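Here are two versions of the same chain, shown separately as structure tokens and labelled structure 1 and structure 2.
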Structure 1
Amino acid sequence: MSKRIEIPVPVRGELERIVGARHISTDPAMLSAHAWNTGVGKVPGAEKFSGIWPVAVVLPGSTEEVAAVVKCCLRHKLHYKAHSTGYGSMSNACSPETVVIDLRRMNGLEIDARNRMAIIGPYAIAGALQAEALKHGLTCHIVGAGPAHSPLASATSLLGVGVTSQGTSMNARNLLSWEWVTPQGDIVRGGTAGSGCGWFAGEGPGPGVRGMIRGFCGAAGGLGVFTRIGYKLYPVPVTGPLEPTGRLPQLGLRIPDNAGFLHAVWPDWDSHRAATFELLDENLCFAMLRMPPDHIGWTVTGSNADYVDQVKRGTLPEVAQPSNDKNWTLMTLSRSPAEHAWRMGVVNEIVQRTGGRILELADEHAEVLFRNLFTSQFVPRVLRPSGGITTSFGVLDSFHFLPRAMEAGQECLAGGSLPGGKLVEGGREEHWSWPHEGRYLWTENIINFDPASKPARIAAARALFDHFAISWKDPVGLMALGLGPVMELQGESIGAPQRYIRQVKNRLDPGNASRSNEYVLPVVPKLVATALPMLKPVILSRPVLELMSRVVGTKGM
């Protein structure tokens, strides 16, 4: 039974005056749509609804209306939670007194080609932004959630990383100026937008507080509502839409002139890492992506049945064979034939000198892989084998950690993805990896499981919890999942950023009206803060991990 309260009639009337009667709903069917809690994929069912439903859903059409809704909630002691495209469950209400602010009407999208940026609202999706940007020889960063995600949400409020980060950075760094309705309902413009100079820069003239409002993971709705931003775009030697190839479901893109696309493999992780450092030092590639071979197989085959049939017959293309797991898919973009020849020549020389080799790709496979990399369309392929995934949430640190990260990935899966295991059959580890701006490694271990199977759900939960156990006992770089209560378990080990974030939260939102379960806990007694890190050995013990896995797996991942 969901926790629900009825909104008082006078409060509903006040909200109607703000957004219009057409743009507010307390209908259970609408409320249920904003209480869907399946995470990524999963099988639908009644148990997938959140235990807490919002008291109302409002759809403001402007920043001023958002601010008025926030102030209305404060006056009547209601909480609120912003919602853009709704990928995942981070926008779910966190209390029965919550008004969900659905921002889908605020979908503005303007390209400022001269300054290589876009001015976008919360519901401008990445696929539409990229399509418009390409008309001007520009592209945008698209996080792993795919083209349907909100770049504004990712850039202001939530961790988001994508496979072209070598050439398009990451969204924590692509946020330029912003328009922000604070937790108290004040409208603040930051960066150059704060002084009327435009939207092109996040630091002066104007308040420069990106680190406070965004940080690395973002506040996930815990610091008010972001309604418009300046968003960085990147030049590419392409003007207009790329030429499609193939037929559904195997759509590809013709690889443009002066673009290189190849797939290289190495015999071991040490030589793979050595080549990576050289490729990054020379700044040769716009994108570098390491995918597990089975995921490549899902991409270059049209269906699960086709993939399984090719595995059984031994006819998988070389690019998808398990032995070629130490790989990079490399994309270069050049402005002239001469530059293209130079980049490809140096890439080939580095691959060969470090003991690697370049695999021959059939045109249709290269075009499908290119399309998925350039537009970040991989999400349907990752979900296709089972309909349910979770992830280890990744490592962001030096490429020196790469071999150890891959080893830790195997430890997490513990053979569950091998024949006879309880997870979807695949490789020994299922890491997706790529670099950020020539400096950092991002890698996360994808866990595919059958969401209709309780043993599979339990195994997936155990693999996820084992990631924490391994990272805390033997750190594998910086663990990216630093949300809410998890941060409290870290204590002072990584500088206790939660202590400072808590001060920001309580100063800006003393009543915790802008409520989020994924942000810092507003109140943690000193005794509890001291004791929590001491509990890590207990939490990481085998019986406790097994119990948590069974609880989570039974209720549903």
Structure 2
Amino acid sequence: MSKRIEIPVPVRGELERIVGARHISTDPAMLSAHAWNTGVGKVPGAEKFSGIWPVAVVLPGSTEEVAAVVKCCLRHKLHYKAHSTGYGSMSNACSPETVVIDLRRMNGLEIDARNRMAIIGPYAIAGALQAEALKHGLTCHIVGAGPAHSPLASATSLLGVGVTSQGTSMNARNLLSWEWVTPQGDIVRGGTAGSGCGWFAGEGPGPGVRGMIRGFCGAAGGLGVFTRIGYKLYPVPVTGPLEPTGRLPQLGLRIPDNAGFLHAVWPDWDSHRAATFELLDENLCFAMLRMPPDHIGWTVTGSNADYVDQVKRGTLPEVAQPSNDKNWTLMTLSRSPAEHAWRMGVVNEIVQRTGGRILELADEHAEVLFRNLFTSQFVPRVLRPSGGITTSFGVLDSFHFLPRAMEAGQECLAGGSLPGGKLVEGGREEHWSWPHEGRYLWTENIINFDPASKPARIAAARALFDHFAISWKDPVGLMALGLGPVMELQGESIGAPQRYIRQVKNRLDPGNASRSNEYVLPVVPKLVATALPMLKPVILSRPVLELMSRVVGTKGM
């Protein structure tokens, strides 16, 4: 049963006066959505509700109200947690004294087409932002969480990589100016918004502290509340709504004029990598995505029943065949038929020359895959088979590491996703990979498991821990999932960002009122800090990994 405390009546009264009686609740019915283990991202336990419930949820309507809520929490020694759309349980309360600040009512969205940016509030969702941006021939970066998540949450506070990162970068770089309620409840504007020049830049002439408040991973609610940002938009040669095709649930989009959409495969990872460098050198694609073939199969089928049936009958299209795993889905966007012809010509030439081939793609499948990529609907879709998903092998580095990352992905799944294994049946590895701005590789090994089954949860946790074990023993580039306590376990092998971030956290939020489990630990006792490196071999030993997996598979993360 959960740990809950009651909010004192006068404190509730104060909060009520700030946000209005309609916009506060302490009723478990309303709080339940803020204590739900989604089974997504983290490995859940047997219980669907987290052990920690917030004391209250408030729905402020303005930055001033947010600031007043924060100050009220500080006065009464309560904690608070910012919540945008709340996908993936990371905005859940991290202490029973927490007031969840649900930003649903703050959904401002303004397109500044001349400056190729949008000014958005926390509840302007990505799908709506993209629709508004397209009216101006622009699009936005959408992370894997898909069209219903908050770009503001992602840009200010959590990672920010996504399937179209080749064309739309990652969110640490898409964050322009910001409006921020600091952990002390002060309203601060940074970047150009800080000096009243508009919202177009994250650095100067106002204070430029983007690296401090955001960094690569973001503070995940551990550093106050962001209430408005400038968010970069990207020009695309399409204006107005894209034309839907297909029938529910297999919605597609007509592939726009002068757009290319192909699926290419190579015989091995080395030739795949060689082709990748060439494709990137020529800057040919708006998006490049490598998905495991089983996940493509889940996308081109309308239901699980349809997928399993097609597997049994052997009727899945070529793109979803396990043998076509060394692949790229390539999307090109051009402004004229001549440019389109050039792009397609060069893509074809590179694919042929590097030993690859382009697969046949029926229109119906191409349109569904195009929609899922362009609107970033893929990841929510691949939750369909079992409802349980976590990630394991995250690498952010050069494409040189790609073949080794694939190998390491196989090592940590250890056959668990092959027939007879405890994870959902698929390939030997389940990597999703893409480039960012033509430069570096992002790849992560997705684990699908049945969250209702304890052995499956244990296997998923084990795959996740093995990922850490492998990358600590024999690093495969830079490990990209350094959230919260993982940073401490990672130690100082790739610099010591946690030391710097800890100072930021403690200076700005000395009482740790803006409480988050996914941000740096405010205090690491000296003894623990000294002992951790020595304990690492023990932590990474088979019996301990096994034990930790059992605990996580039972209790959740």
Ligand SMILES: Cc1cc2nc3c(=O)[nH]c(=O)nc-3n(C[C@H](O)[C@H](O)[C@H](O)COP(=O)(O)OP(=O)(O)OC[C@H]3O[C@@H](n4cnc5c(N)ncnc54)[C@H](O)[C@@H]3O)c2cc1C
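Each residue is numbered by where it sits in the sequence of structure 1, with counting from 1. In this text the structure is predicted, and so the values were computed from the model without any measurement. Definition used throughout: the rigid core is the maximal C-alpha set that superposes within 1.5 Å between two forms.
Determine, for this pair of isolated chain forms, which one is the form predicted on its own. The form predicted on its own is the one given as structure 1; the other form is structure 2.
Using a rigid core superposition, assess whether Arg507 undergoes a CA shift of 2 Å or more between structure 1 and structure 2. After core superposition, the displacement of the Arg507 C-alpha between structure 1 and structure 2 stays below 2 Å, so no.
Pro525: how far does its C-alpha move between structure 1 and structure 2, core aligned, in angstrom? With the rigid core fitted, the alpha carbon of Pro525 is displaced 2.5 Å between structure 1 and structure 2.
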